[in-house]
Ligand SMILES: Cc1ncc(C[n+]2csc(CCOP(=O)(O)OP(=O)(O)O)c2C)c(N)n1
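Take a look at this single chain in structure tokens; it is the form predicted on its own.
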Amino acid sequence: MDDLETYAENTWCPGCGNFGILSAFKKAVRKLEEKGIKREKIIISAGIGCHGKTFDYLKLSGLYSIHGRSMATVQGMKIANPDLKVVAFAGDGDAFGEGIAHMIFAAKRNADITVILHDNGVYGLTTGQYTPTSQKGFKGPSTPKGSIEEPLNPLALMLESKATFVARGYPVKLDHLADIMVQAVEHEGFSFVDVLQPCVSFNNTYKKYNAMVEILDHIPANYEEAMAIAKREDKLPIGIIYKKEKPPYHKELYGDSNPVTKRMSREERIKKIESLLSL
């Protein structure tokens, strides 16, 4: 029995890369539990799109968000209770269209959150429109003659935004992806995992990715090497591309304080209020 499975019927298209992402994350949760991180402390959110159904299919606590806002939602959760491990699932259009400001500022402030990007280069739920990561020339309902825009590079953008953990994975390399997810959640700071996720219905990239994916044999030594790898076009390197230790936002903000475990009792709050009202 899969104790992370819910009652929700899975409606992804057969062969969708999302199945691999879901399976990898379940593996990651179990590995984190083995390391002492209880699943009750792993809290999730998701935006709108095919990726968002991940929230329905995982028996974990969290809050369903709206388009482009899952990374903002989990930042609030982390600030409210720093003891939590918070994970946002996002789509490429969801995160780098509607939610691009949230992504950039979460990385800039080194918010201690993990963002798992289901990057398929298409708005699959609304039948195939182009997104910020679609390749130039992509043909869909909104670009029948091909997109004239150059795509964003999610890895390069997150590196430039000061993310302290940047990685890329591929669902076909499921165990490898699960290990990346574990390290992303364990990392103290902003963790970004760009997952190459084929959409079999509107942007089937399996053949391309199978030919181009290459597992990194080391973590790049510095920012410059990481950026060079992020911008490679001859291959699609997967693995941890950049990792840096830096105090996360919540510790810079209020040290080791925790509003949940270190708050005043009800009686103390009432006395404080009474004291203020008597001034």
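Please read these numbers as outputs of a predicted model, since none were measured by experiment. For every residue, the number given is its place in the sequence shown, counted from 1.
The form predicted together with the named molecule exists for this protein as well; it is not shown, and the discussion that follows is about that form.
Of the listed positions (179, 149, 188, 98), a single one reaches within 4.5 angstroms of the named molecule by any non-hydrogen atom in the model of the complex, namely 98. Of the listed positions (238, 29, 50, 58), a single one reaches within 4.5 angstroms of the named molecule by any non-hydrogen atom in the model of the complex, namely 50. Proximity of residue 243 to the named molecule in the model of the complex: non-hydrogen atoms within 4.5 Å are absent; the residue sits far from the partner.
Contact annotation: residue 122 falls within 4.5 Å of the named molecule in the model of the complex, judged by heavy atom distances. The shortest heavy atom separation between residue 92 and the named molecule in the model of the complex is within 4.5 Å. The named molecule is not shown here, and in the model of the complex it never comes within 4.5 Å of any heavy atom of residue 81.
Listed stretches are 139-147, 160-168, 125-133, 105-113; the contact stretch with the named molecule in the model of the complex is 125-133, by a heavy atom cutoff of 4.5 Å.
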